[in-house]
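What follows is a single chain, given as structure tokens, in the form predicted on its own.
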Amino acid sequence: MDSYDDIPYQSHAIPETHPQALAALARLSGIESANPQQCRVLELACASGGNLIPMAWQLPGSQFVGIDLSAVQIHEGQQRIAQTGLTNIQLQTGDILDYQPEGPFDYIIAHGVYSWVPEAVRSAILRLCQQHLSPQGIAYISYNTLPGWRMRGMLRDSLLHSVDRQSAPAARLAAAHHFLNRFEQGLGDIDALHSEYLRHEIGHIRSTHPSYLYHEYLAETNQPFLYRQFVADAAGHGLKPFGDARLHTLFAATLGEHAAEMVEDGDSPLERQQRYDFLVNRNFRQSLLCRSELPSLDEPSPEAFARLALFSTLQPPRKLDLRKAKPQPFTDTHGQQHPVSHPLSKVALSLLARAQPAALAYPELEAQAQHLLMQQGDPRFAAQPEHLFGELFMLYAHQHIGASPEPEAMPSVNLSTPAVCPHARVEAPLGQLTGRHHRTLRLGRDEMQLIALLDGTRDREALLTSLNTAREGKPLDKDWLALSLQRLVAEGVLS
């Protein structure tokens, strides 16, 4: 564990692990998961709490416990908790092998640990889930999968060979970076599929935190699994998978007609999912588990989706075409565009964008969208709610919009003298912010300085004056400030 003390794992929010996201997926499978607003959550290998601490802020009525073997990372997380004043979370130094928590827990999270520990620890993770999950509890376990990880394994083998003379973590990391530079140069002369893949992987590594390279490629243990092997190991501990955090992987039709036929020929859900992995060369899974005796559906229930509440960060185009069913781009926070065709869907997504960060009940959203379309577009489209359902469900399945078991109101915000929540104030100096729905927002220097000033004592004019006094170059204007405050409102971090 010295390597985690010397090179701490980058600890950040993982949206798929949030109780709100897990509860919604469980409801689709017929499992009456615990209310995220009043639940107990355990995270195994929580690092410094970058995933768990924002949850504790977002869900003040719930209780959170995190455990990690690295005392350095736990101490860092405890300092952040003290700074934010949170009282519903505990981070503890401990070993998964002999950990005995005070259960039960409604949600147990093990992200980025299962493939990276010896067999005895993997068995302990499953045993903890078996012993401490509540009757309707959900476990989230991520792991590397075969056959896809064999290709990444090529790079791991090369990197391990390049650092075998080094023992200190920092020296191993430096040697690995040196090798990657030389390796990439050598690959430039080779026109082959494997070299193209390796160049892509090297580019991906360079875009990530250094801890990813060290703990993913240089760790002593990194064991990928066939899906069927993971399912068998879970069954041995009284657990069964009921889905995946990446919902779209349950629908082979998204791969095309011939791929869907090949997958659907499988004689069981297990075999169909295994065939899916073969076809897409999948290298990572985020499996959702429940107790083996708990009834669950083989496929998500459409009726259950219509009982959820939806939220979205997608921004509509400047001008909506509400008289034709033709694609128009809706843009996410990363600048990627997603085409939406049906006028009813366009109106619904515009309503969700306007309501950020609120979550609107599906029936209410449908009714509002129909009413507006009757007024502003072709009324014939308002009578086609099945198209709305289809587009919204696929956007949700691909994680372009989110869902919650219950509606969430838009928070009341004082924009005359705005103040940021304590959690955001602690996070901002790190150059990031975790929003209401557990998505990480990258911050520029000006936004970081703005958040430091948002203490409820300054109006907009005073904020601009303070920002521009310390700023070099072109002054910031009222439009920049209005857009920045709007962004913070949408993330639910202003009070």
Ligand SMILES: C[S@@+](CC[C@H](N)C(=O)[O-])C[C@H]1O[C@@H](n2cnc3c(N)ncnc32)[C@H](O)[C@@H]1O
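Note that residue numbering begins at 1 and tracks the sequence as displayed. The structure displayed is predicted, hence computed values, not measured ones.
The form predicted together with the ligand exists for this protein as well; it is not shown, and the discussion that follows is about that form.
- For the options 52, 26, 433, 47, the one in contact with the ligand in the model of the complex, meaning a heavy atom within 4.5 Å, is 47.
- Proximity to the ligand in the model of the complex, defined as a heavy atom within 4.5 Å, holds among 111, 423, 342, 291 only for 111.
- Although the partner is absent here, residue 484 lies well away from the ligand in the model of the complex, with no heavy atom inside 4.5 Å.
- When contacts are judged by a 4.5 Å heavy atom cut-off, residue 250 does not count as touching the ligand in the model of the complex.
- Put simply, residue 73 is close to the ligand in the model of the complex: some heavy atom of it is within 4.5 Å.
- Using a 4.5 angstroms limit between non-hydrogen atoms, residue 233 is distant from the ligand in the model of the complex.
- Heavy atoms of no residue among 419, 447 and 480 are located within 4.5 Å of the ligand in the model of the complex.
- Only one segment in the set 116-124, 410-418, 164-172, 324-332 has residues whose heavy atoms sit within 4.5 Å of the ligand in the model of the complex; it is 116-124.
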